[in-house]
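Here you'll find one protein chain in two forms, each presented separately as structure tokens under the names structure 1 and structure 2.
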Structure 1
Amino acid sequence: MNHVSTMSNRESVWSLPLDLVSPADPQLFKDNAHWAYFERLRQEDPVHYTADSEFGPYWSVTKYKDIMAVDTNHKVFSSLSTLGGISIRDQRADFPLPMFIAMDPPLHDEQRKVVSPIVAPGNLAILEHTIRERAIAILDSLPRGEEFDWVDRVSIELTTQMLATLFDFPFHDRRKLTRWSDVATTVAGPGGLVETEEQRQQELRECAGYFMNLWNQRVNAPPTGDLISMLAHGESTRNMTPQEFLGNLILLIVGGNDTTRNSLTGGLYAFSKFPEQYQKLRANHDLLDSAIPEIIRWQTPLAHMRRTAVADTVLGGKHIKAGDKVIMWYVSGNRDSEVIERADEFIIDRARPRQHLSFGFGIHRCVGNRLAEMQLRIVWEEILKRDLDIEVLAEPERVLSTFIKGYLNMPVRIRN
């Protein structure tokens, strides 16, 4: 198959005692060796309990329909940060800013209502032109006939510039956005992105100061099309407390950073694995409408979301107890062939391309979904217009994480 679940990897996974099958191992994701674990769980034990792991005991939910059932049942499955939050690694209780992704109703609903319309399609159209200009400039600056790193030169740079565009953030400082996003989500530790929790807090305070400054400028100027101005002038947002404003802003940055970046790399990688799909697209650019959601399904930029049960419940015949950690493995549900035909394959003209779990479903469904799609569409439109022939030279190196499913680098060359 096209995933690197090599024969030996597959065989050894299938011969493990079932209770030892634990997909929540960052190394598996780094080695791209997680597929066989999920294949086995979907087949033999779709709702699966692991008693012991580096993240403590947890349930794995691996089938599309069971994931949908958890994602839409927020009364039983909580996102609350104080219960551990939304990823398998328990959230630190001292996280400085309130974000509605890790809240339950009614607070979640109030905050989401305020932010959501800002990234609705009508508003996005205002930003499309600038995003396209910047994408063009980056693509036209790429070297021809020589090797370079797609992740750094294209995925990170484009995502960063797009974020800067969305917030009308001072352009020369744009890598600060990427830095703050990384810092906000990292685990502090020696040798890590930040060494100590104090350093982390310090950088986030700097971020807070920077954004308060921008807010003050924009609130005193006539409305412009960027997200900060929209927040500062919007009827339901202009009275937000500074804490709320910052929490929501950082959530928008974090939400749109790694996910978009890794979709940009994942798309090119997918086309390199399925070159006939690229030929299909070259012959008919209209297929981009379905190719973009297919890239997002195939990549699944966030491998999971986590919930904490707040009541005893039964799922797939298993008894889940109040307090249990429940992992919705989107990365597995997106390969569930009961719902998605030939789910392992990358097929750009599927009849229902948006029927995938990468954005979640229910009240927490990704607010930025159409924005993410728009950004990817612009980039691929411009690649197609230039008919760039991009060759992937080696397997990308992957991120060591069970949450962010992405790439550290990917060497490529544009053929002359």
Structure 2
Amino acid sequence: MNHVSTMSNRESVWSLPLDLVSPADPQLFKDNAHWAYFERLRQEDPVHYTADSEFGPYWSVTKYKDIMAVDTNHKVFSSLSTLGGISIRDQRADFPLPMFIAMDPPLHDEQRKVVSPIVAPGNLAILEHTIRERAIAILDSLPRGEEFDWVDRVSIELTTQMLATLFDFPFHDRRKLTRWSDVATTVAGPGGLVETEEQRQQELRECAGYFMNLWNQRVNAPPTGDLISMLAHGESTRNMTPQEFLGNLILLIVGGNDTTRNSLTGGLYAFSKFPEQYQKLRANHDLLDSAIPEIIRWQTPLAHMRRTAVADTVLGGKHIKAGDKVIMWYVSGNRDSEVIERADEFIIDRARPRQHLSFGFGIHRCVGNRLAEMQLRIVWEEILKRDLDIEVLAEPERVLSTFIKGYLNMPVRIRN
């Protein structure tokens, strides 16, 4: 299906009774068929209540300004894992994974501060050389003139190498990080990545065990600049419970992996849909500065974030009660044409390319946003240096998820 919903899909969505419009169906995202749902809600019911879904009742917040109002008001809209956490699927009571993104101040601020030095400007400057070396090696190893999977060979490989560096994780085992990231965010079920919830939890316990060995090595050694050492020596993180340890690991693995990985694929996909934009970039490499945030906006690698109201409030004229589940659909806010001109189009020389919601706002704004941008910039700089003409051969296969807006594979061929 094209990036714009097909007419039949659009007509069927617009003919539904409004109270039956529910965008939180993972299959819609896998089929790239969610766009018409959000288009209708933005126009007819921007703060929309769904009474019945597989995730229970929830509010959909679909317009840019309303999403900003929720994201920047953590006193009313809580991220606490004990209230359900940050995604539409409630945290399981039998397998809680507290993590600093699913905390409120002051604990959120204290734990976030422990890991933020890894993405400080000085450390990014050190990482830049490593990322470039790896991007060069990956691009130069790609076959010319024959089909290969861009997701596996480029997007996953580059981001997994980067994660291994950030954690100082054994390099030969780096694909375990990819697997754990995927398992952490998947929905268990027949034919899926994991068949049962028990299998999912078992694999995540293996992740915790592997990292606990690394922790034990680092906690007894002088502090170094990797994330495990930072957590082991950080005042507010050194005494974490096992579940909190695993929760924060999952956050750092998913946050450091999925955002960049799916934007690397999404950027190439966007250029294939809007080839005139790639010609524009080939003619003027300076446009990369605005092209990178436009890729991140257009892709929106996390479709939503969830909050739970802790007090009665009014949003967009709707009365939201304490305890209600509130979904900020970033994927919809990033296509709000009231705020972003020609929002459905991919335009690399926008006047305000950073006007997007993909990294969130307020206290939970993505801690690694500069690292994500840097990785994307370096890969595209090296693609442009080689003047690669990369053809997308078929529609990518997408992830079955309302949370991770990503790709399983995308067949491509380098024509030159």
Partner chain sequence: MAKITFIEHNGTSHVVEAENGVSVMRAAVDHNVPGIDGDCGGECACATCHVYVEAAWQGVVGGRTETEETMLSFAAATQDNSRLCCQITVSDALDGLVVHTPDGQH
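What we label the rigid core is the largest C-alpha set whose atoms superpose within 1.5 Å from one form to the other. Residue indices: 1-based, along structure 1. Quantities reported herein were computed from a predicted structural model and do not represent experimental measurements.
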### Index of the chain form predicted in complex with its partner chain, chosen from the pair
1
### Task
Answer whether Ile136 and Arg10 are in the same rigid part of the chain between structure 1 and structure 2.
yes
### Query
How far, in degrees, does the smaller rigid part turn against the larger one between structure 1 and structure 2?
15
#### Entry: Cα shift between structure 1 and structure 2 at Thr224, which is computed once both forms share a superposed rigid core (Å)
6.2
### Query
After fitting the core, how far does the CA of Trp180 move between structure 1 and structure 2, in Å?
3.1
